[in-house]
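Here's a solo chain for you in structure tokens, the form predicted on its own.
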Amino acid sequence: MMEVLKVKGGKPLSGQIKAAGAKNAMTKLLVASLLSDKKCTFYNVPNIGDVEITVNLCKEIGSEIKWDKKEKILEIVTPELKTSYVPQKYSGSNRIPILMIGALLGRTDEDIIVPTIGGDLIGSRPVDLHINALHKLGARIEYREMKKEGAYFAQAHQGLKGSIITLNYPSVGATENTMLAAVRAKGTTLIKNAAIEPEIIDLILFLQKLGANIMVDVDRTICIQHANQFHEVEHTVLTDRNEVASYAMAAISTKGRVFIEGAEHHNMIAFLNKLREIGGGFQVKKNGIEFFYENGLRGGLHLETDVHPGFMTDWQQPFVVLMTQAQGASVFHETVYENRFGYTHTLKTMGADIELFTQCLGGKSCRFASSDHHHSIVVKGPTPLKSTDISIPDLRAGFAYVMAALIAGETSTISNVDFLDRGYEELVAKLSSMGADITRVPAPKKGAKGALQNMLAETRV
């Protein structure tokens, strides 16, 4: 049954919540466990849609999994592969299937078949970086049409061999895929211009426990030596910095105060700096971070998304909502995905003062400088936001809409909430515990036409 969120805004958030395990770490760790036939036990596992999808995907190929959702503990072991074919039903479900190639290449002589890449519609996520890197390790990969969807066929019948791989862009997914393949490649592999996000480091820690000899150098180079022996692993998943930032901004935008247990300071540095620039309050404590509204928010901000250690692209959407409540104009320049401002159409209908530009606004030109994509915006505030019916186009825009609804005075109806389920554990329960007036109810049939019109409006921006 389709469901919607009913959000009545105007109340400051106040209270304490505990941060969940990171979506972008846990899903990759499950795939990495396929490298060996040893049992892996994970703690702080988030009960979210993307983890559920990845669990089912691993079961398809032979994993035995016990998941205690209440205790947030998951055990996985893959004694042998039942198949190296990932069914087409996983096509477009998320970005995990493509990572199965790197994990399985060194474990099977059979052809590996995975469906096309999926995830949020926020811009192209080309897999050429993945494929080129895996080619250099000795894999053969080709794309073929299958039924209604395409699939990638991969094999390494001659085995994988270590190589020096330089990524044209420090892609998180390509770095992960290359690392997974390199663990079983003969010799040593160097990945230059690699991504070094906290979730990448968490994966490296897991791989070292598993049996890999792996290190990160100061110049974005990751070195992996061939592993010939594997071990059972116990691993605690790092907390989700996206979730922490989301609830932090929700608290400040509603003029509230929230303590987030488990928030990790060292993974939030770029976010906290920008928060301080606009006058947002925070205090780092022994077991988390408290976020609060102080004496008004000031604009005049220039914010440019970038790969880690820069400002994370997933923090951008809720930060835009936050700046609609700040005094003055601010500039946002998106350099990671070229089509991540489509969600602003709905914010503008709610009363936000936002103007979109195809030019690079700010300190430097990015790789989208010569494109026709709107990848810069100017936000002016403070502006009151009004309630409306909203259709979510992707995960992070979804939380931005929830934030906007929490600021607005009356009741907003938010559809396509499945996007939120992919990345936010117990969203309604957590917001309700902080005083939000939010409920999840069956979707009224009469709302289908309006939701469709809203989605079409999003795609036209």
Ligand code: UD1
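So that there is no doubt, residue numbering starts at 1 and follows the sequence shown. Model, not experiment: these values are computed from the prediction.
In what follows, reference is made to the form predicted in complex with this ligand, a form of this protein that is not presented.
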Task: 4.5 Å heavy atom contact, H235 to this ligand in the model of the complex - done: no
Open item on the list: If we define contact as a non-hydrogen atom of the residue within 4.5 angstroms of the partner, is K89 a contact of this ligand in the model of the complex?
Closed with: no
TODO: Answer with yes or no whether G342 is in contact with this ligand in the model of the complex, where contact means some heavy atom within 4.5 Å.
DONE: no
TODO: Give a yes or no for T313: in the model of the complex, does one of its heavy atoms lie within 4.5 Å of a heavy atom belonging to this ligand?
DONE: yes
TODO: Could you check which residue among I191, V127, I278, L303 gets a heavy atom within 4.5 Å of this ligand in the model of the complex?
DONE: V127
Open item on the list: Please tell me which of G288, G381, G173, G106 lies within 4.5 Å of this ligand in the model of the complex, judged by heavy atoms.
Closed with: G173
- [ ] Tell me, please, which stretch of 216-224, 357-365, 137-145, 329-337 lies within 4.5 angstroms of this ligand in the model of the complex when heavy atoms are compared?
- [x] 329-337
- [ ] For the stretch 4-30, return the residues whose heavy atoms include at least one within 4.5 Å of this ligand in the model of the complex, in the order they occur.
- [x] K23, N24, K28
